[in-house]
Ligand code: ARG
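A single chain, nothing else alongside it, follows as structure tokens in the form predicted alone.
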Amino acid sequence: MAKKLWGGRFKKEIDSDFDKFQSSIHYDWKLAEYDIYHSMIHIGALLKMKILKPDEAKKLNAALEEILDEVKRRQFKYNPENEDIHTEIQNRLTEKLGEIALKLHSFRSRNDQIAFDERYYCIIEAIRILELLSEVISTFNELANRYKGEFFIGYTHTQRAQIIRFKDYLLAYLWMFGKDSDRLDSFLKNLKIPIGCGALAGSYIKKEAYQETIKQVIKSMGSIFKDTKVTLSKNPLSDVSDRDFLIEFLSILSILQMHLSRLAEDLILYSTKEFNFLILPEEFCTGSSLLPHKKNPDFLELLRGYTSRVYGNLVSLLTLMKGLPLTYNRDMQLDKEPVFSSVEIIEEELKILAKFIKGIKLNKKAISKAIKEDQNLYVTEVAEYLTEKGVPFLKAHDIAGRLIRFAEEKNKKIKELDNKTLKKFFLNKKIINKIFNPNFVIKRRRSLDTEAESKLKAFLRF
């Protein structure tokens, strides 16, 4: 059994089944990099406090650099007998350096380490998700520009509503993803990483000792860490016991996943034979083991399906933290897997989605046919035209509705009605021919001009 970071007050060996049950190394190994950074900062502070000698600090840092190199090269392999990532790294250092390594844990607790590690993890993964989201936004923009002047149909209540531009449809999702991007950006700006919490009540190490070494270690980490706010804990009881930052992160990811799921449902619907507005890229679809003709939108269905997992992870963490007394409780060990799960799902989805969007094709022929045949798509403009001519809108609305009903009862297109009939509705063929034109409809929608497109540049920040 591997050496633990505790045990002096116990007479009996830990039960082997319980030892396996309470172990977290099989998932918290993902925090190895951040735990090493915590140790590097702590070494500098211990050196300032003269707990470590300069040569001891040098040896500890060199050994940590070796482990960090394994992590960065993705060759890090943990010992499953170690309780957690903190124990794993401590035991490795002890094997390499002997008693010198035993000094490293002076004046710190695993509660302190995990408070640091998890926040660092969130920062790095939030940056990664922002980069992937930016790529998705970029590919949406490419698709929008490819079909810049093409028409599309906008729906409400899953019923045809108005003619729109396909570009404006895509910009709607770009706007949603842009807001997700803003939320992540705000999360990054506000997240501070505490150090010096101890178990719950702070550390013996002086504030000045931490402040000097924090700057040195962050500088050595590389440019991605330069804006990271590592600070001496102002309220250790809160820092070791609260996981609101994880809940906030999962909440942001859940909103992003909701937008992804809505997009998936749209694309599934519009690519069916019943709509036939979009043609999906084959390389992200699958076939049927029985039905040779099938082209199933499996990526989109899984994208939609994984929403339950992402939502569940948020609810799991909210439920986990409900009613826990201050400060740290072992329940909180279970906070990591929901976060890791949502991050991995979102990152994989965004990576594939950026490629998927590039392969979407607009079925212009099917859309043109729908726009030509569906007279209802122009009736709103009829009501608005009458309003411009002085008819009160509710009356104009009623007239336009009666016009539709009349045409349907006569089984005719509105454009087929003669002037005598149209006159009953305060219209004539010249006006109808002018209104029943998709370009006329689009030009009237003045709010869909350049604001969304100008905002797009701000979303493409990476």
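For every residue, the number given is its place in the sequence shown, counted from 1. Keep in mind that this is a model prediction, so the values were computed, not measured.
Just so you know, the form predicted in complex with the ligand exists too; it's not on screen, but the next bit is about it.
Checking S241, S271, S341, Q333 for any heavy atom within 4.5 Å of the ligand in the model of the complex turns up a single hit: Q333. Note on contacts: among T327, S316, N111, N82, the single residue with a heavy atom within 4.5 Å of the ligand in the model of the complex is N111. For the three residues S261, D266 and R304, a heavy atom within 4.5 Å of the ligand turns up in the model of the complex in no case. Residues placing heavy atoms within 4.5 Å of the ligand in the model of the complex fall in a single listed stretch, namely 23 to 31, out of 431 to 439, 23 to 31, 391 to 399, 44 to 52. Along 237 to 257, a non-hydrogen atom within 4.5 Å of the ligand in the model of the complex is carried by no residue at all.
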